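Only one chain is given next, in structure tokens, and it is the form predicted on its own.
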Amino acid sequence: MDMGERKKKILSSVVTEYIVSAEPVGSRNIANKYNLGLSSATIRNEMADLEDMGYLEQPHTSAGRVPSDKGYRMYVNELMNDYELSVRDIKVIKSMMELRLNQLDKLITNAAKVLSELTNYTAVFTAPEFKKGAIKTIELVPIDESSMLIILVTNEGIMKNKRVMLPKSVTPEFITKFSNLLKEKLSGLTIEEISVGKIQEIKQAMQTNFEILFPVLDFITDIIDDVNKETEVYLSGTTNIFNYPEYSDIGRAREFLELLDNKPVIKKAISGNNERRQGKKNAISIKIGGENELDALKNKSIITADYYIGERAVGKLGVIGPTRMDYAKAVKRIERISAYMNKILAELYQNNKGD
């Protein structure tokens, strides 16, 4: 059956109305509110065709229709109008991003909070993937006669530190010399570029007290292991799902909240490529209902975008909400926050490269 322009207009009207009302949509409602120039009977017949084609569903006999996952997909891909952010939205997002460039954790936390507040859905962010970043510097700082602090900073502004014990023969002067040597040999390298050959260069230049090198190498290895295990996931608005009548059932709500507690599963759930603008940087990925692999997400939609340092995607941001979400508004707000994240991280990256 052909999906002509008339059916597309009716489908778009049904989706728009259902997003607002959360109630099955009848033909009389569409005829009265959407000025399609069609009678209620004609709209009813077209809605029946759309149901036969799989774009609409009828939850109860003699009730109105609701969009199916297929109907939402058609709406997102072809029918959804672009949404213009309000002046308030722009001001809120801009003020949220006005942070010191080294406050990466706070930046992500604030961005997630604003996105959840503007969309009224659960916001999800993943932290930048540290293993792909370059080392900005390594510092060794004496604490007392028996210990020192190893500080490692990446070009993305992520800092890790660890206290280690010192051999008795190590002097503060040696620590300073060794610290300068590490900066010279390792600054600017990615974790993967710290090869056995590079370690041998450092060892030869040290000439003595080789045992102090191994805690530093162990520290770098620990960072790699931590990052490979799990990228940190930030959530905001986890209880927003209770604002929607379809989640008034306590069992469904509890299932969703338990899912959010499982960070590795959430990270996996927001990966994927159902993109509205395939192949472009900053493409928006939209997974609708049954397109999600997890049973707990079969009646929800996920909208995500990557954020970047230069041309390299380093993390994801997005929202999880009911399939009856306002896709146009959510997409536009995600795009704007992603653009601000890209801008700030680009400035941070350039500043660190120039140091």
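Position 1 is the first residue in the sequence shown; the rest follow in order. Predicted model only: the values in this text are computed from it and were never measured.
The same protein also has a form predicted together with the DNA, omitted here; what follows describes it.
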Next item on the list: Spot the stretch among 43-51, 325-333, 302-310, 289-297 with residues whose non-hydrogen atoms come within 4.5 Å of the DNA in the model of the complex.
Entry: 43-51
Check: Which listed residue (Leu345, Leu11, Val25, Ile337) meets the criterion of a heavy atom within 4.5 Å of the DNA in the model of the complex?
Finding: Val25
Check: Looking in the model of the complex, any heavy atom of Lys316 within 4.5 Å of the DNA?
Finding: no
Margin query: Is Gly64 near the DNA? Define near as a heavy atom within 4.5 Å, in the model of the complex.
Written below: yes
Item checked: in the model of the complex, Arg6 touching the DNA (heavy atom, 4.5 Å) -> yes
Notebook entry, point to check: Hey, in the model of the complex, does Asn35 get a heavy atom within 4.5 angstroms of the DNA?
Noted result: no
